[in-house]
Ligand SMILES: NC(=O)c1ccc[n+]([C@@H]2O[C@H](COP(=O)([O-])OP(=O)(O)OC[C@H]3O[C@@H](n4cnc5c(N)ncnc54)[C@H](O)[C@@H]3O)[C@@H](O)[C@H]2O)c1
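There is one chain below, alone, in structure tokens, taken in the form predicted on its own.
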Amino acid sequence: MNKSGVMILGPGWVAGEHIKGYQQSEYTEVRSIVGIDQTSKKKAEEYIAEYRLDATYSENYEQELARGDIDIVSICLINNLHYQATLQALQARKHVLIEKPLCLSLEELKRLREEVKAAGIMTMIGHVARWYPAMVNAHKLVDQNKLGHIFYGESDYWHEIAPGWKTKAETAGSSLLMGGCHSVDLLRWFMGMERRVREVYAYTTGPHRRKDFEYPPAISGILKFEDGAIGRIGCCLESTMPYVFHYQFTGTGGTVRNNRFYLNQWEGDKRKFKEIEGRTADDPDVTHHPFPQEIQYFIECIRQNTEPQLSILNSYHTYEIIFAMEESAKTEKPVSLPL
């Protein structure tokens, strides 16, 4: 069997989970690990040894992109390096999986949209929360129309991130781009990817107890959909609490609230929710994130020539919402979409 060759760009914390995901597939093998400086070399060599990879290490990204035996690029760099690396992969006509966030500005977002239209390859943004079993099982209720018409949704990302590059505006971007983008993506997934937001109103606050933040670590916003539905997004990265990924969606037929649900049409105690089976996103440690499921899905999309749900084109509106929320918080005025 001819396997697709994979390049891992950025041998950091999350790269190991990407490697494990590709190693579990019979259709792919990791052939290249690319670092951005000498500090990457030791970690790359550890990965090559640990996973017994027949792979090379390089710090020349352009040279590795030119290899004919590389078909897929996994971008595992820090936030501000995603855009340029993605652009180069698209121009080299490689399938590309990008860790969130896709980019840090509306201008970058528009450029990537135009480039991917010309590239004709598969892309996917790593909003891995969609593959948590509890969220998959909750979304089955949407697929089965058990919730009816969903007219209200909310999702919150509450966390305390470590100091360093994640708290710097130049390298992290913002609270939504650092973590809250997961919540915006989840809201769109449950509300319906085809539905469009026409206006947002958002506010930011802080930093309060963590003065190392160069951007407001908390943001909250209301989203008005074209069909009249409303949504709410919240994100706080200096939370005094364990990690929480809250979500709730209410429709004419029922409600999903985290790992519980309630339906109008059922027998039994109507005063209680029912439990949804499976683990949810309750820990920031990437080693239990469902990367293998995410990567298997991406590989299957490539093999079947089917555009991923989380492609750059399908996720364009997600990031448009993010940048609209940031603009609204800056001006303290509502912002209309499209931008």
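Quick note: we count residues from 1 along the sequence shown, nothing fancier. Predicted model, so just to flag it, every value in this text is computed and none were measured.
If you look for the form predicted together with the ligand, you will not find it shown, but the lines that follow are about it.
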ask   = Among the candidate residues 244, 78, 136, 106, which is the single one with a non-hydrogen atom no more than 4.5 Å from the ligand in the predicted complex?
value = 78
inquiry  = Can you work out which of 296, 40, 58, 314 has a heavy atom no more than 4.5 Å from the ligand in the predicted complex?
reply    = 40
ask   = Do residue 31 and the ligand come within 4.5 Å of each other in the predicted complex, heavy atoms counted?
value = no
query = Does residue 203 reach the ligand in the predicted complex, with heavy atoms at most 4.5 Å apart?
reply = no
message = Can you work out whether residue 178 and the ligand are in contact in the predicted complex, taking contact to mean some heavy atom pair no more than 4.5 Å apart?
response = yes
query = Using 4.5 Å between non-hydrogen atoms, is residue 128 touching the ligand in the predicted complex?
reply = yes
task = Work out which of the listed stretches, 116-124, 165-173, 85-93, 230-238, brings a heavy atom within 4.5 angstroms of the ligand in the predicted complex.
result = 165-173
request  = Output the sequence-ordered list of residues from 186-218 with at least one heavy atom within 4.5 Å of the ligand in the predicted complex.
outcome  = none
